[in-house]
Structure formats: C-alpha cells, structure tokens
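Next come structure tokens for two forms of one protein chain, structure 1 first, structure 2 second.
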Structure 1
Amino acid sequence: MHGISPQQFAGSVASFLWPYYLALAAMNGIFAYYLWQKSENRPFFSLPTPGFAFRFTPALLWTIVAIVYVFLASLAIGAHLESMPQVPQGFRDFVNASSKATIYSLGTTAVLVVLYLFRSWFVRPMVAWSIWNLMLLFLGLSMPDPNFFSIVAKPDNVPIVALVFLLAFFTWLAAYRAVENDRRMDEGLPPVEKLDDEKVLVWPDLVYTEMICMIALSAVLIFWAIWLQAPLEEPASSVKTPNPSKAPWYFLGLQEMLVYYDPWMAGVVLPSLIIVGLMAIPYIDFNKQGNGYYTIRERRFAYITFQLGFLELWVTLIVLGTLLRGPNWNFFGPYEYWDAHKVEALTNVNMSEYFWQYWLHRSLPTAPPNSTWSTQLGYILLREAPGIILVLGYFIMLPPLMAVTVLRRYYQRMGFIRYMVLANLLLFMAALPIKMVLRWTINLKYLIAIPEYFLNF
C-alpha cells in the first residue's frame, strides 16, 4: 500500500471516489434533462405494451447512467475496498503486459488512424459522450488499485490526467466543427463560422470575457491549492537523487527524446527544428483554403501532420514519461508496482558494431598507435561508414523519391526550395519514431557513434 495501512488507503480512495461519482452523476443528469427538453429526442426502440408504448430514448439512457453513478458513489462512501467496484485483475494483467514501449507507440498511432478514418462517426455527440463516460468510468474503476492510485493521485501527475481529458475534449470539438463544415460545403453551404459574421469589439466584449475567465481560473487555482498539497521535497542533495529523476511535465517529452539521441541532438537540434518549422509554415504553405474556419478535407496534409506531430510525438511522450516510466527509467504498467530493484539487462549496440562485428565477424577498424590525426579520422569514418551511408541516404535520397511518388503534387506546386524545406522537416520529424522503434526492437543505440568528437546520431 506504498507506506500506508489498507484502512488509510481505503479512506483516501473513498474521499476521492464518492464526490467523483456524484459529479459524474450530476453531469449525466444535466445531459439527460437537456435531452428531455429537445424535440429530437428520438427513441432507440419502442416496445408496445397494453395501455402505453415503452420508448427507450437517449434521455432515458443517460438517466439510467446517472443513477448507476449514484449507486457507485454509495458503494465508495463506505471506505471499504471490498465493496468498491474495480477493473478485474485479468484486465489489469493484460494492460500491464500491453504497456510495452512498442505496443504503446504503435497502439496510440493505430488509435489516431482509426479516429481519423471514421471521424464522421466518432464526432457524433452521442458517440463522443459515450466515449467520454467510458474514459471517466475507467479512471474511477482503476482508482482502488493501489499502484494505479499512487501514480495518478500524485500531486505532480494530477495535471497530466487533467491534460488527457481536456485534450480529448478540445480535439473532439475541433474535429466536430471541421466535419460539420466539410458536410456543409458538400451541400454548397458556407462554413459555420461564416454564419456568425457579427463584428465584436475588444472593449467591452472581449475584455469582459477575459476578466470573467481570469476570475474563474483564479478560483479554480485557489481551490486546487487547498485540495492538493504542493509536491515539495527535501532540499536537493548530490548524494541522494530521486529514482526516477524526472523533469517537469512539460519537459518530459524532451527527456524521453534524450533516451534515443545525444543531448546536443535532443536538447538543441530537434527543438530548434521545431521552432524553425513553425516559423516556416506560412512560407511553405501553398494551400489558401481553410483560412478562418475549421476543415479537414481541405487541409488533410496539414491536419494529419499536426495530429501526428503534436499528439503522437509530444503528448503521448509526456504521458509515457509520467505514467509508464518508473525507477531506473524502466517501463512499468499502470497497475504494476514500481519496484526499484527491477533490472532489465539491455545491451545497446551501435550500427558500426552490428555491421563489423555481428555481420562481418571482424573487429572494428582502429587506427594504429601513434598515427596522425588524418589517419585516425579516416579510420573513424571507415568504422562509421555504414551509419553515415544510411543517414545520408535517408536525407539525400528520400526527398527526390518522395517528390516523384507520394509528394509529387506538392513538389509541382511548391517548387524546389519550399519542397526541400518541407521534406527535410518531415524526415527529421519521422526520425524520432524510427529511432525509438529501432531501440525497442533491435537495441540499436546510435546509427553514427563518434564519441571522439561528441558526435552521435
């Protein structure tokens, strides 16, 4: 129970769960009342019975869901773990076994692909509300697990959990508006934003709105500070460091990149390319459609690139570093105990070692003793020639190949310079997941390893 008795743990879980379930009950009750007031509250099905016809409507469904949440709150308020519903142990074991790096990354990518392909169905309010409830119910049913609770309820990690749910909501909202606009344009109608073309003044309209938001946010932060204790620790000491030692949540994606690249690459080059890429967008974007309104169909390339870059290559890395990275920077499942003695024997191998030692069964090329600087450099280049050829081929050969295949239309419309900037930015973005998969599958450390000059890639 992570240093506390079972009774104390049950009390901590109960103090969170019963208000949580009551809040979900109120949320669904308000939604059900809203549906009762709508004339479009069409029934899922009707059962004719003597005297009346039973109509199972969406409002009735969410009323039942609200009642179920009230029942769950009554079970949690007693502070007995045995009476609190929770996810089955078999499901927890399955999630722990599936929380490996490769499965996690490929799984999140597959989820994004499915959401994109079937976006017209997922953005339906009733479908989105169902998924939203399933996510919240999953969180509630997982809290009685002591390992899950110790991670999620940690004051440092509460903002990450809130980030996941808020990001899911706002991503749905943007996709919903985009799908609606695409449908309207198919019917020859203007986008929704065009219908609200009223001029709004900064003063007083915008200033009043910002002031109200400022007051509300200040109140939320005050209650947050009272409810959650600040995660302050003892003064820093060089003889005692936390295990794991993690950066603030907004740098966890960067810290995860440091696992696969040298500090100069992950801490300087890649962040700089992100900034340069954002600055270059207005100059390399030739598509003038989609300005001022939400759309996916008119800006598929930009939409897909942003979703993969932001959600898959940044947000998922933050979640991974927060919830799945434990002591010694090992991977742990969300229901797995963070054992500091867990040791995973991994031998990371450079591309030069793979080529010379494993494939050719020869020792690495080494300069003779007391050789000149130029001779030593020549042997270093010979040793790393396989990786250098792969990296140069990746950045030199792929842009022309893409220009005549998948990105042919972009090359024709953008011209050589703008296309090369775009292609190289895309290749640098793709280099991160490629390097991650190579590390997880074949334990590849560096494609180019030149520690003599602090140059590793």
Structure 2
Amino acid sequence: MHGISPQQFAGSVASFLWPYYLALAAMNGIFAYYLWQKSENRPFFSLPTPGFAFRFTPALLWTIVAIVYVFLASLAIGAHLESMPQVPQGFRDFVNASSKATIYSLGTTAVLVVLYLFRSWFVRPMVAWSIWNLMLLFLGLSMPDPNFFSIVAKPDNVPIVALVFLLAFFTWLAAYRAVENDRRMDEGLPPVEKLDDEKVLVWPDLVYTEMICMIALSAVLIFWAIWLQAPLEEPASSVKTPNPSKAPWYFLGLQEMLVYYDPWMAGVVLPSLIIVGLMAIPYIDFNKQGNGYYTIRERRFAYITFQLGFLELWVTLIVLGTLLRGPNWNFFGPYEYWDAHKVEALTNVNMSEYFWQYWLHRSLPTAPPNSTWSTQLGYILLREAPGIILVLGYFIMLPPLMAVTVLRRYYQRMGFIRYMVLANLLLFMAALPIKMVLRWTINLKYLIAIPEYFLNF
C-alpha cells in the first residue's frame, strides 16, 4: 500500500476483517443450529466415554468452526498486523513464483474438470460447506497481505470477488439439484420440480417473497453504499496514461483476449459472435429433455459447452484480467507487488516466419520494389500461405469432418444449416484456447500476419 502508513493499513484491514470473521461465525453458527434441529445429525464417530456417549456430530463440528471464527475476529480487531492470522510468507512466495497465465488457465480448467467428474461427491452438503468455508477463510487469511489487499479491496474490484463467491454458490445449488434429479430419474421417479406441481395463490405467497427480497436487497445496497465509497480518481487527463489502463471489469475477459488476438478479433468479431451464439442457443439445441428442471445427464453436451464458455472462457478470464494483470498487462501473482518495471521477454514468432525461415531456411517472400498492387497482394498471400491454409482448413474442413465423425448424430438430427451454425460457433469458441496453447507452447504470434491490411489472425 502506498501513501498510507502501516498503522493506517492495519486499521483498514482490521475494519474489514473483524466484521467479516464475525459474519462467518454467524453463518456457521446458523448452519450448526439448522443441522442440530434436523433429525439427521448423524455423528461422524462416537467415543464411548464413561458416563455418557460423546458423539462428534456435524452440528458440533460447525459450532467449533464458528468459535474459531470468533477467535479470529478477536485477533483481527486489535489492528496489529503481527497478531492477525495470515497465510504464511513461504506459501505466498510459492504462489507468486509458480503462478503464470499458463498455470492459472490450466489450473482452473483442471479444477472445473475435477468438479464436474466427481460432482456427486462435491455437491454433498458437508463437502460443499467445507469448501465454501475454505474459500472464505482463504480470502480472510490473505487480506493482511498488502499487495493482495490493494487489488481485492479496490472498490471496483469488490463486485468480482462477490461474483466469484456467488457463482460458486449457485453452481453448487444447480449441480446439487441436477445430481439429485439425475439420481431420481435413474430410479424412474420424476424430477423434484414435478413434486411442486400444486398451484398456490400469488397473493400472498409470491408477493410477500418479492417484498422480502426487495427489503433485503435494499438493506444490502445501503450497507454497501455506506461501507464502501464509490471511487473517484484525479480529473481526467489525456496526457497521463494510467498503467495498466483497464476497461470496466465485465469487459476484462475481452481485454485479456487481446493478448492472443488482435483487436478486430478480440474486440469486435468474438464479442459479436458471443452475442449471436447466445441468441442461437435455443435454435441449435434440439434436445427436448431437461426443459424446466435441473439436470446434467440429460443434456451433457449443452451443459459442458455452456460451462466451458461461461465459467472458463468468460469468468476466469475476467478474474485473470482484473486481479492478476498489472502494469504493461504483465501477469502478477496474487501476493506480488505490481512493479511497473517488471519485464517479460516476448519473442513471439509468426507462422510465416516459422515456415519460411525456420523450416525452409529462406527469407520471407517479398514483392520486388515498385511492383503493382496485385503483385504485392500475390506475394503477401504466398508469404502467408501456410497460415491461410491452416485457418481455412480449420473452418472449412472441420465442419464436414465432424459431421461424419464425432458430431454425426447431431448432423443427422439438425439438418445442414443448423449444424453449420453450431459447428462454426464451436470452432470460434475453440479458437481462443487453441491460440492460447499455441502461444504457450511454440510462442506463436499470428497464424496469418498481414499487417499491410491490418489482418492478423
């Protein structure tokens, strides 16, 4: 933190942390109470102690966790950084040293895959609640780190932190219900939603729910507004460029794509395709099942594709772009100081250079000086031929190829036009991770590089 003294910093951390830990304590306390009220509070184990049986139940576990949080809150309230519990320095150094855009992207992908494959274990309330607690605890323990704090507590970044937790919660909720429904349907039972078929009057049932929602939400907004002041920096100046210059957070996924694609792709073509692709979903998803209830098994392809697009390519890129990209759009670990002088060696190579120079050991084809416009174009096309062939092959050859192989069933059910829309959308979506991997593995800059016509792909 710059411009404020360590005491002030400790003070602002403490003023966040102690209410935070108390809220977590309350959350666990309420959960424990709820479990205790329910009959199915089966003990993890019982100790046959003399006199009475000591039963270690979930309710007891979460009560203990709640007490630990109260203890953490009491440590934080003193506003002494030394006494605040925090993640060990060694761990922070390790995370900083090992985090890179590659590790981050592959890591989040791996996590999502594992969560998906073992979803019936992860959605179990005890497991999910433990993970939930660990996520929140991790945030709390990281806050005393000045670098972490200065990124996460930046007023305009608070919504993203909220988004991550909300998405974790709602993804759990949906998956929990889907797993339950899938199990029921295996047993020949209808989905749980079917059980609530009975009709109720909107007044009072819905109208009151809405009113309570509105009051709760107003309260949240008012507290948020009092607690956190809206940011206002220095007056605008066209000469002082901030470093990094970032778009609003919800567009940072697109800004992150700029690392891999030129603006015409990352800023215009891909966003337009996202909108078009979203609109096309109802017309290309011909699966009649899974309408009006949570399920994964009955619409596995749609589910996986959407989650890949939304959670992986949209949300994790936003998190990366907002929290982990610092000056010069360099990657910084979560506990790393945003050093404007950090240099990252960039030696990216174009496909044409690979082809002509590295493999054929020749110079790039260049038009003779003073040649006509069309000769020049011819030379450009020759120079970029390898990339052009690859890209055209990708977009022209793959759809029919997939139609007779992996997506055969889809092609037969969908007809030509709908199938082509689906296939092309999928290919464009896959183009981003493919380009990422090419960049990480062979430092590929552009498959097609025609700066003469501003056409780099």
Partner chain sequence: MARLGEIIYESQIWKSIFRHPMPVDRRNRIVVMLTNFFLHLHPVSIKKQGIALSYTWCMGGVTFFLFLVETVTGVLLMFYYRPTLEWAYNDILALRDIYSLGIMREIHRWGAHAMVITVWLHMYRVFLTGSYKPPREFNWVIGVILLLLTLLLSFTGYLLPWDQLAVWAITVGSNMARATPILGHEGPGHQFLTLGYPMITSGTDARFALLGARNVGEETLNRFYILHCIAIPLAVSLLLAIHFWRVRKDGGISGPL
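Worth saying up front: this structure is predicted, and the values here are computed from it rather than measured. Residues are numbered by position in structure 1's sequence, first residue being 1. Rigid core: the largest C-alpha set superposing within 1.5 Å between the two forms.
Enquirer: Just flag whichever of structures 1 and 2 is the form predicted on its own.
Expert: Answer 1, the form predicted on its own.
Enquirer: After a core superposition, would you say Met27 shifts its C-alpha by at least 2 Å between the two structures?
Expert: No; Met27 is a residue whose C-alpha shifts by less than 2 Å between the two structures when the cores are overlaid.
Enquirer: Superposing on the rigid core, is the Cα displacement of Lys199 between the two structures 2 Å or more?
Expert: Comparing the forms between the two structures, which are aligned on their rigid core, Lys199 does shift its C-alpha by 2 Å or more.
Enquirer: For Tyr208, state whether the C-alpha moves by 2 Å or more between the two structures after rigid core superposition.
Expert: Yes.
Enquirer: Supposing the core is put in the same place in both forms, how far has the CA of Tyr411 shifted between the two structures, in Å?
Expert: It moves 2.6 Å at the C-alpha.
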